[in-house]
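The chain below stands alone and is given in structure tokens; this is the form predicted on its own.
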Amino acid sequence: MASALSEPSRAAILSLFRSLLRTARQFSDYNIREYSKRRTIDGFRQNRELSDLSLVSSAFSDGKSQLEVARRQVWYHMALLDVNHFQVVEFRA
């Protein structure tokens, strides 16, 4: 098993980037979708030049955490949309 400070591979970093962009595409709201996409691209550009092993690992861990948050938000927004589609019917006796 790899240690906590092992540098993530290039493939793992690119996979995280693609996963974040795929998750951003799932938002139905245009503003949220574009914000997530822009934040992902900007974050990866900002961290492109990192060379210190601990900083790279920290940025990768932060990215994985952000991916989990984004996935939960997508799920929440989808569930919220489903709830809003139900019609309220009142029965009177």
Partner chain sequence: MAAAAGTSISALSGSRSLQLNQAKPETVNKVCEIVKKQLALPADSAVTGESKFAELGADSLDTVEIVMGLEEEFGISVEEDSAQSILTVQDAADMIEKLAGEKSA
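Positions refer to the first chain, counted from 1. Values in this document were obtained by computation on a predicted structure and should not be read as measured data.
Unshown form predicted together with the partner chain; subsequent notes refer to it.
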is_contact(Arg18, the partner chain) in the predicted complex, heavy atom dist at most 4.5 Å: yes
Arg71, heavy atom within 4.5 angstroms of the partner chain in the predicted complex: no
4.5 angstroms heavy atom contact with the partner chain in the predicted complex for Leu14: yes
Contact test in the predicted complex: His77 vs the partner chain, heavy atoms, 4.5 Å: no
Interface residues of 31 to 49 toward the partner chain, as seen in the predicted complex [heavy atoms, 4.5 Å]: Ile41, Phe44, Arg45, Arg48
